[in-house]
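Here's a solo chain for you in structure tokens, the form predicted alone.
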């Protein structure tokens, strides 16, 4: 695991600075939203478009701005990309390069190899979430506002779980097939369709039943813990881990 983290140190470093910078930049814009001019402009948009951008009336409060403007879309979008990239890189890409074959030749069990890859990915995703949090806290300091650490932790936990789950979908296809196209394509398409369903369900009543298949249905940007939704995301991730371990142990590893 530590070897993987060392190899990915520059990826981790640049993502850390990028996500931290995003947090600072977004907080720097808060005074403009608080003034109400931007919010009133959004209120003139058609109702379907307003559904896509969220509750604009909450943007004038620091808690509403952080939950809606930062954690509603930007954090999940970016960290999901990071999560899918890392998991696909550690499975299908490593297999294509012959790294997995070499690791198995060194008398390492398949389960041990996969578990260490998963742990390394966990750490990288957590670092990404921490970077966002640090950026938000630094931005709050610069604009002289405060926000509850407890509420920030709740938002971060929800973001970590949904981003991890999309990464674990990538892990499943990487473990079962070892093909980069499936490992990157399937979770990416699923993430796009999931978000699209969740944003459209408010205007299209017929999508309510189907929308429950979207992981974003269980992603809460509320400032209190939704134990039911967190449990569903955890269970989904657990089953993805089990399927990945079984599939990786049973299939033939592609060799160069």
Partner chain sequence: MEDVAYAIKLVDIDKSFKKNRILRGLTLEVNQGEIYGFLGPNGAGKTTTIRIILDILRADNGYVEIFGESNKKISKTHPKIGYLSGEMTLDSDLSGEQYLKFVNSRYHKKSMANANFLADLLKIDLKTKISKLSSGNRQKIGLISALMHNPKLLILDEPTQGFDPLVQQIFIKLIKTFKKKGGTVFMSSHILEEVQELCDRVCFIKEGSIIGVKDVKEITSSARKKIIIKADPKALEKIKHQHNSLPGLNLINQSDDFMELGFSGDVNKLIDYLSVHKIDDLTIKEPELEEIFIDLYKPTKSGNTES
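Predicted model, so just to flag it, every value in this text is computed and none were measured. Residue numbers count along the first chain shown, from 1.
As for the form predicted in complex with its partner chain, it is not shown, yet the points below apply to it.
(message) So its partner chain isn't shown here. In the predicted complex, which residue out of 130, 142, 104, 119 has a non-hydrogen atom within 4.5 Å of it?
(response) By the 4.5 Å heavy-atom cutoff, the listed residue in contact is 104.
(message) Quick check on residue 97: any heavy atom within 4.5 Å of its partner chain in the predicted complex?
(response) Judged by the heavy-atom cut-off of 4.5 Å, residue 97 is in contact with its partner chain in the predicted complex.
(message) Taking its partner chain as it sits in the predicted complex, is residue 108 in contact with it (heavy atom to heavy atom, 4.5 Å or less)?
(response) Heavy-atom contact with its partner chain at 4.5 Å: present for residue 108.
(request) May I ask you to check whether residue 112 falls inside a 4.5 Å heavy atom distance of its partner chain in the predicted complex? (result) So residue 112 counts as contacting its partner chain.
(request) Could you list the residues in 1-27 that come within 4.5 Å of its partner chain in the predicted complex, counting only heavy atoms and keeping sequence order? (result) In sequence order, 3, 6, 7 come within 4.5 Å of the partner.
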